[in-house]
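Next up: a single chain in structure tokens, the form predicted alone.
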Amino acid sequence: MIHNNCLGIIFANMHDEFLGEMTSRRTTGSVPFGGRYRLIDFALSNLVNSGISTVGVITKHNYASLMDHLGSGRSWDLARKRGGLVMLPPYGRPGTGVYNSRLEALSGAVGFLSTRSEEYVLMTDTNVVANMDFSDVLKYHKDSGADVTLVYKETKMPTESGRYRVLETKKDRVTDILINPKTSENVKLVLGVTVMSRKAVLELCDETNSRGLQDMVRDYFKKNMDSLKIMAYEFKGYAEFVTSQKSYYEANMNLLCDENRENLFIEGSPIYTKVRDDFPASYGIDSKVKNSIVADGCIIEGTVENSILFRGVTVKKGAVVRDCILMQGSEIGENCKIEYAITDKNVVVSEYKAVSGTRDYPIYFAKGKKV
């Protein structure tokens, strides 16, 4: 493995406001995904697979479940005496508190950044599901002589509410950055991955403190567009944005397509997660399962179609589950019918209940709710 002269920074909370109740008790990074993963697993695995072995995770609030998931970082080979996984909660240094912006969050991590020796810093969010080789991004950054490299994907402008950044470029150099532009055309949509030198990041943090900067794009990139060489790197692989409960639902459902799974879970570039030993899924005599992802520990006695079931889900006799995402420990009672729904962890739907949302508006049940 190539060991890049780079450290990673993950922003775990940046998109909490767009996921509603799903992030009322957890960070965006710890939102479950795809039957066994958390959203942060993709960013962490991309960093580790790219030879980046020092990673700081910037948190804000509700990060107990995130810390439980990450632990020492052993599952990502980041349990190290030097470097490895470092949690960076708010109040990271005297005079700082709970941050209100990305720049304030980064400024709170100055103590961590200043003690490192790596030449480059790669910063990434957790709301994009992708399998990306950051080594290619770093090589492009170095070869192009960029001050800043932003990673984008050319795609249709999302219609979901969210915080979207769109690039305008000339020969790969960024000439402008638009914020939530209204267009139905293909755009160069920023994937929340930024590369800068560590020295430049520290200088930016100093400027943030002295000038009260808030928004990295508006207050730094756009105002210094002429003096900074900001380059755009195109990612051509599979990527899903999670910016709302609807887009979360769609991103999960898209994994039921073989081609999408093959493009995300690439041989030789695994997505790591915390390993939890459990018994294999159990299927009753009368159970029927079609086009679904079923994790370990599930007990299926009813019918499951076009759905994603996390660990320890129970579907009792006579129950019908269609087009649903059932998180860990959910229980669907006998003779229930549930369609187009997202159940958070440990939700119980009692017997003979009928629950139905739509694909555009899937119904959501909060953690521990009893229906």
Partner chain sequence: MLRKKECIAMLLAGGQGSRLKVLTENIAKPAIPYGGKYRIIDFPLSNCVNSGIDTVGVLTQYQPLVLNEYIGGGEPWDLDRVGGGVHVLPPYQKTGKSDWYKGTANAIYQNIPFIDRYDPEYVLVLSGDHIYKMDYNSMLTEHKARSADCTIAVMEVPMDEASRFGIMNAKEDGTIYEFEEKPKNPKSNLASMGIYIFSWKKMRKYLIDDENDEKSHKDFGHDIIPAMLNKGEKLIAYRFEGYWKDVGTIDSLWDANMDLINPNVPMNLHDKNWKIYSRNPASPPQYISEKAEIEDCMISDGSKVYGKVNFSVIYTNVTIEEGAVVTDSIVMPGAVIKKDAVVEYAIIGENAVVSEKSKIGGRPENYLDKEWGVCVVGPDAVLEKGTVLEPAGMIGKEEN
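Here the structure is a predicted model, which is why all the values come from computation and not from measurement. Positions refer to the first chain, counted from 1.
Below, we turn to the form predicted together with its partner chain, even though it does not appear here.
Just one of D296, D136, D172, D215 comes within 4.5 Å of its partner chain in the predicted complex, counting any heavy atom, and that one is D296. Of the listed positions (K222, K142, R74, K199), a single one reaches within 4.5 angstroms of its partner chain by any non-hydrogen atom in the predicted complex, namely R74. Considering its partner chain in the predicted complex, the lone stretch of 199 to 207, 279 to 287, 240 to 248, 162 to 170 in range is 279 to 287 [heavy atom distance within 4.5 Å].
In the predicted complex, N291 approaches its partner chain with a heavy atom inside 4.5 Å. Interface membership of R116, defined by any non-hydrogen atom within 4.5 Å of its partner chain in the predicted complex, is ruled out.
With a 4.5 Å cutoff on heavy atoms, N335 does not count as touching its partner chain in the predicted complex; it lies far away. Proximity of N62 to its partner chain in the predicted complex: non-hydrogen atoms within 4.5 Å are absent; the residue sits far from the partner.
With contact defined as any non-hydrogen atom lying within 4.5 angstroms of its partner chain in the predicted complex, the contacting residues in 256 to 279 are L256, D258, R261, F265, P270, I271, Y272, V275, R276, D277, D278, F279, given in sequence order.
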